[in-house]
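The form predicted on its own is given below as one chain in structure tokens.
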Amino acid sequence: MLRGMYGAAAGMIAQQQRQEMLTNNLANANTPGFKADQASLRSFPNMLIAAMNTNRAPKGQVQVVGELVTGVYLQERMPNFRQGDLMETGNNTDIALLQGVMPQTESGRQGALFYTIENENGEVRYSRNGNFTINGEGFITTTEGHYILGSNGETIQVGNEEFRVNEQGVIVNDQGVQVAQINVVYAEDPMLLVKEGSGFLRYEGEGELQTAIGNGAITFQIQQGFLERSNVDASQTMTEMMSAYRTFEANQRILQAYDQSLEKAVNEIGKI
């Protein structure tokens, strides 16, 4: 009977973690470039149940009763790198990245494109958030002040907000001078990217992601004056949250039933 308690408790923990993930998705429904997380639930390895002290099984063999499922757990959280919708803002410093044709990978999983950002430690990170700004020294940065990197790996100084960006990311300042090209990198396996704070992604593979500029197998467009919206589907997320809540509630009732049975076993049967 206690095995059932463990299974119900494991189900409650898994649904609680799933609910937290969905809440985070919903909280970032209006964050530009945010990629929703998806949960993968998996059952613990099944246990073989064998009958003990029985004469039915042939001599030297164990009589197997069957398998017992010991509960579920949230195996992993995987970002969904599907392209988000574009929203026109009219701001020169809002720059959306629109993916086009991506090469087919062996795993059948589609790759993804990202901007390159320099964090406060000078390390390269990746992001789809194109909500940029110009700092006091005239560099293009994120709203938190992290530098956007060009195709040459250097920071981009445009002077002021009166600059233009073409569809390939080439930047021309207000004097008509080409100053840089925004770097766009290609991740063949986006699952090797791990979410960090400030919407950054850290690459867990070897080296750094390679640029997509000049790669004939990849097409993309840079859209100035637009933002890529979060790919969170708010209505679907709300439905999944209700489902997670109901499943949590069902496991809770099972746990309460076990608790009541144990209470009777101790207080009533024990008196006999």
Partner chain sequence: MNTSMISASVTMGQLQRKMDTISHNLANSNTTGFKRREATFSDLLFQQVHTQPNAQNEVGRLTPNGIRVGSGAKIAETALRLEQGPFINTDRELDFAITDKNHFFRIQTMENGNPVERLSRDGTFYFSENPGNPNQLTIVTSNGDFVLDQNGDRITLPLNFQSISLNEEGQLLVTLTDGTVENIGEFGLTRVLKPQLLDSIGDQLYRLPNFAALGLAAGDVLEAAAVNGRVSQGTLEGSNVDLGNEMNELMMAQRHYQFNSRAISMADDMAGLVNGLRR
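Residue numbers count along the first chain shown, from 1. Because the structure is a prediction, the values reported are computed rather than measured.
Note that the form predicted together with the partner chain isn't included here; everything after this is about it.
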query: Where does the partner chain sit in the predicted bound form: which of 125 to 133, 95 to 103, 111 to 119, 177 to 185, heavy atoms within 4.5 Å?
result: 125 to 133
field: The unique member of Gln63, Asn30, Thr70, Gln221 whose heavy atoms fall within 4.5 Å of the partner chain in the predicted bound form
entry: Asn30
- line: Residue within 4.5 Å of the partner chain in the predicted bound form by heavy atom, from Ala234, Ala217, Ala50, Met47, is Ala234
- prompt: Does Asn152 reach the partner chain in the predicted bound form, with heavy atoms at most 4.5 Å apart?
  reply: no
query: Using heavy atoms and a 4.5 Å limit, would one call Phe34 a contact residue for the partner chain in the predicted bound form?
result: yes
- prompt: Any of the heavy atoms of Val172 lying within 4.5 Å of the partner chain in the predicted bound form?
  reply: no
Exercise: Ile213 in contact with the partner chain in the predicted bound form, heavy atom 4.5 Å: no
- prompt: Who in 228 to 253 is close to the partner chain in the predicted bound form, meaning a heavy atom within 4.5 Å?
  reply: Arg229, Ala234, Met238, Met241, Met242, Tyr245, Phe248, Glu249, Gln252, Arg253
